[in-house]
Every structure is written in structure tokens, then in C-alpha cells.
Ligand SMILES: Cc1ncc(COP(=O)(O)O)c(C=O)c1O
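Shown next as C-alpha cells: one chain only, the form predicted on its own.
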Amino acid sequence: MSVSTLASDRSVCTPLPVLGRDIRVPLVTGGEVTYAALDYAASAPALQRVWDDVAAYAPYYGSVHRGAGYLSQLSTELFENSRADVAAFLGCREGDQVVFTRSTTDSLNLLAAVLPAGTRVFVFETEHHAALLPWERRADVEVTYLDAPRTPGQAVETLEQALAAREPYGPALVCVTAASNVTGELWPVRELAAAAHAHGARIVVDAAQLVPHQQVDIEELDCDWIAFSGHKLYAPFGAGVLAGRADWLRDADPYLAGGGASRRVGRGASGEVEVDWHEGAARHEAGSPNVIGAYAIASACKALTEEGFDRLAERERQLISAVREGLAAVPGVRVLSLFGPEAPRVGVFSFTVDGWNSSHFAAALSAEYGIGVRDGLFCAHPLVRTLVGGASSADGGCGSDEGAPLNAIRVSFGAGTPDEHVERFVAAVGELVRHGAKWSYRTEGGRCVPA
């Protein structure tokens, strides 16, 4: 679908209301324009529904668990109901646990902390650092990094070969993304889960980039755990989720030691502290829970479900087609991809532009067109370097735009993105490539900024 026909097609839903949709920003060339927030893959704007729900609850905010007062009881009920709502949203199985964390990164670090000693972890080098790095912190865990696949089938084959070759045969965990934060491409999660289970391994899915775009069902995917962040799900209030099997979580020491995780604390005969830890989700939720963050995630889950993921996904497919066709028409633009240009994806594109430093290009989009994108390596350094085919810039600035691109530019969008923002982005890319920037730029603090 071309950009010119995008706005005329009203067969699908309109953008969901989000905060900041009417914000005006200044342009270096003069005047103002409505800000086009196209960095959803980093943090999506809050849904108006989520903000309204949180604002309505805020006057009733109280301590969670053990409080005898009315507001404490109300907040506790809200917190635990939010847990149940998230479990329903994810299609959790009987016996699964939903643990509230701070983010996807926190969720995966929590899982790394509870792995049985001697676990073998298998992770593709294409992962976000949140999924790539936590496992190395355990001296008693062995990590195998798998090369970047070039097809979904190759991903499954690579994993099967690695699992079949593992010695000795013991506990194993596969960590894989559901949708890449760099390319937006969908990974074959069901097939990878089947391969993992066939070889006696478990699998955790980094669903941070999938949950905002498509319905996710933990039972249908047949995965053991799912991790995601509220701030990518239109609920930027500092919470995340780890949901899935309870046994490793129950058998390990608490992720954090403190109040809330402990059921009883006393002194032994010889003076040592004796602790009886909770066995449920509270075991890994020490401290005062982020009830507002949990409630915000639950609110977002309800809002997206009520709107209908089929309708949301159909509209996003139209936006994806507009961006794909628009970028393909601009000379010198190369969209990064592992699985090929037509591979199924969510609304995330990373690309390079011949002769342009990525920081310079992103700065010009912002300063001259009021468009917010991201540039760099996107906390997925091995993947971006593999796709770009070179080292990253030393300073990320605009010292020289000659030669091959050093990093990449990423545009990302979702349920709150108006058609006009995508149209303006595609037009701006074409103008910058064909006519150059209207303003001069300099490097400041490692970033390219208007001079």
C-alpha cells in the first residue's frame, strides 16, 4: 500500500489515543509542527486509557499487602487483580506464575538468577543485550552463543544442532526474541520451542517487541516463560513481567532479599537469622510493589484486547507497507534484514543511507521535520554490526558523512501512530536524500546536533 492511498483506506481502526499526540515542537528552519513520535520500539507513548485509569486510582493509592486500612486493602486487591489480568492476557496455564519486575531486562536477569546450577544456556548473537548478557553473570552456567541465522528455518536447524551436541545432558535453557528490536522481523518461536522441548530444554521468549503489536499466548507458543516491559506496551510506569513455569522460581533463592519476599524471619539457636521465604510470585518481589506500574500494564492489556488485535494488526500492516514501499523508492536507502525484505514483521525498520552518518540523518529528521527516530546500535551491537557490515562510529557524531554508514537509523510505530506521521517520515527521507539537509550540524557530547 502506497503512502498516497494510506489515508484514504478507512476499512481498519483509527489510531488509539495516546499522550503527546498534539505536542508541537519547533523546527530550526522556523515555525512549529506536530511531533511525530516514531521511536515506539524504545518506549511507546502512554495510552490515554492507561493514563486515565492510573489517574482515577492515584487518590486511592496505599501500601500493598499486610496493610489493615481501606486504601491498603484496595491497593492490594488492585495489584493482585492486575496479576490475574496479565495472566489472562498472556494465556497463562494453570500453575504458571506472573512476577512483576521493573522491565524485560529485569525479568531476564531474574530468570538468570534462578537457573539451576550447571544449566546450559543457548542464545543467538542477534538478541537484544537484555537477553544476551544476563547469563554470563552466573559462574556455574555455561553459555553457547549461536550465529545469526539468515532464514527462520536456519534458526531452528542451528538450535537443534547445538542442543543435540550438548554434553553432559542436563538442564538447558534457550533464550530467543519473538520480534527483533532491530529489524522488526518475527522469529519462529513455536518451531524453536518445539526444538527446545524435543531436546529436553526450556525456552524463554523476549516478547518486548511483540506484545504491543500482536496477541501473545504462552500456551499456544508452547514456551516456558515470556518477558516483556510495560513501557513498550503503552504503560511507561516502571514495571515489567516475567510469566511462566513456577518450579525454577520456587526452588531458587529470592532474586532480592527483603520484606515481602519473606514469610517469617527469626533467630536460630546459635544466633543466625532463619528465613522462611514465600513460594509464590512474592518470593521474587521483595520491597514495596510498584502497584501503579502493575495496574498500568493490566490497563494496557485490557485496552488492546478490547480494541481487537486483529484490527490493530491490520492497520499496522498498512503502515508497514507504506514504509516499506516508501523507503524502497529512495535511492541509497538499505533496509536491514536477516530473513529478507518480505519477511513478516512488526512496525520496526532499521536502515542505512549511503553517504549519511546515522546520527546526522536522525538529527535532521528531528530538527527540520519534527520526527523522532532512533540511531545507533539499538542495544543489539553484534546484530547491527553484522547487518551493517562495519564497525560503529567512534563518536556517533557528524564529523564525516563520507563512505559507508557506521550505524543505522530506526523508525518504529504502533497502535497510536497517525497516518500523517508515516507519510511525513517517508517524504522527509526522500527530501533529505535527494536535496540534503537545510541546516548545518555539529558534534556535541557524541551526538549530532543543529549548529
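Keep in mind it's a predicted model, so treat the numbers as computed, not measured. The first residue of the sequence shown is number 1, and the count goes up from there.
The next section is about a form of this same protein that is not shown, the form predicted in complex with the named molecule.
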property: Contact assignment for the named molecule in the predicted complex, among His284, Lys232, Arg120, His213, heavy atom within 4.5 Å; result: Lys232
property: In the predicted complex, the one of Cys301, Cys223, Leu336, Ala130 near the named molecule [non-hydrogen atom within 4.5 angstroms]; result: Ala130
property: Listed range touching the named molecule, judged in the predicted complex by heavy atoms within 4.5 Å, from 187-195, 100-108, 148-156, 315-323; result: 100-108
property: Interface membership of Thr177, the named molecule in the predicted complex, 4.5 Å heavy atom rule; result: yes
property: Contact label in the predicted complex: Gln209 to the named molecule, heavy atom within 4.5 Å; result: yes
property: Partner contact for Ala415 in the predicted complex: the named molecule, 4.5 angstroms, heavy atom; result: no
property: Touches the named molecule in the predicted complex: Asn181 (any heavy atom, 4.5 Å); result: yes
